[in-house]
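First, one chain by itself in structure tokens, the form predicted on its own.
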Amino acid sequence: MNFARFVDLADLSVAEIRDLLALADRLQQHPEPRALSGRVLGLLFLNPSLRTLASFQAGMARLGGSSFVITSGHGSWALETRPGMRMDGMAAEHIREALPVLASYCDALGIRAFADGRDLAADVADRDFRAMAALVPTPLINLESAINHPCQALCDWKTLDELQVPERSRFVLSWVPHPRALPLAVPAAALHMAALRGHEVVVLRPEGFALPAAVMERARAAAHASGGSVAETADRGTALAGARIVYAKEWGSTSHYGDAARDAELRAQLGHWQISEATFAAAAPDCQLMHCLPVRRNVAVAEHVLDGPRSVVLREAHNRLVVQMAVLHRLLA
């Protein structure tokens, strides 16, 4: 199985995803340090990163290739992404010139571009990332866009495989507090991944934080095809009963999307949604905690849970490197 881009896990069949994960396992056991010799990966970050940046650079190096990193406005020109702009502000270069040039310097290009956070319809449609993708003729990797994070979703699938979490088991995507509104990319990707894997998925969130209808419909379609299910509730007791996985994630209010003041007012009342050991009282005895990181200790998740036996967040983070090496191998070997 070969593909020219990795921008959405939904572009692959379940069989193709499992084939990609088998390659990741194979590369773990039998490294190929010269597989990408002479190949160059470009990485463009319009937003901050730790795991995505480091794991792609490390993965490329372990496969014998090289990489370069452009962080907009830090060591490079600040980039303008909006169409039709009169560029008389801080941005010195537009992506319409920058992206084709960067793509010409490398064999594959990865782009990270978070949600604008003001227009929910535009962010759910991933308009900015799609516009950028249209400018890139080389193999493209989505390092996180407004509504998707396929690299994280693939790593989470591998983590569930390693934990031997069976299909049809209950997977709870639980909203947790954060000092500010965060994007929808990871919750949307995690929801779709779990539905595609065939779980009984429950989105647990307070009132005002329901995931967009288009995100839920997409996940329900994936669940229908896999034999799983998708539900949504604000009732923590009902959602957590018998749960095998609690995937903690922060995101902004969708009922007040783009309104920072109203969002902050709403989340100020929700500190009790922090995950602690008491959260797992109704869950399965072997229920484990997942989170994509970074995580705000003692805000989103209590440190006794993060440091305890339920937490697999470090295992998840390590798997970013493993699955991304497989993606790079498929794209460039």
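Worth saying up front: this structure is predicted, and the values here are computed from it rather than measured. A residue's number is simply how far along the shown sequence it sits, counting from 1.
Not pictured, yet referred to below: the form predicted in complex with a small molecule.
- Here the chain stands alone, but in the predicted complex its contact with the small molecule, taken as any heavy atom within 4.5 Å, falls in 45-53 among 22-30, 45-53, 296-304, 269-277.
- Checking His192, Arg112, Arg205, Arg244 for any heavy atom within 4.5 Å of the small molecule in the predicted complex turns up a single hit: Arg112.
- Between the small molecule and the residues Leu289, Ile70, Cys292, Met60, the one pair within 4.5 Å by heavy atoms in the predicted complex involves Cys292.
- With a 4.5 Å cutoff on heavy atoms, Arg310 does not count as touching the small molecule in the predicted complex; it lies far away.
- Residue contact with the small molecule in the predicted complex: Ser145 places no heavy atom within 4.5 Å of it.
- Taking non-hydrogen atoms only, His149 approaches the small molecule to within 4.5 angstroms in the predicted complex.
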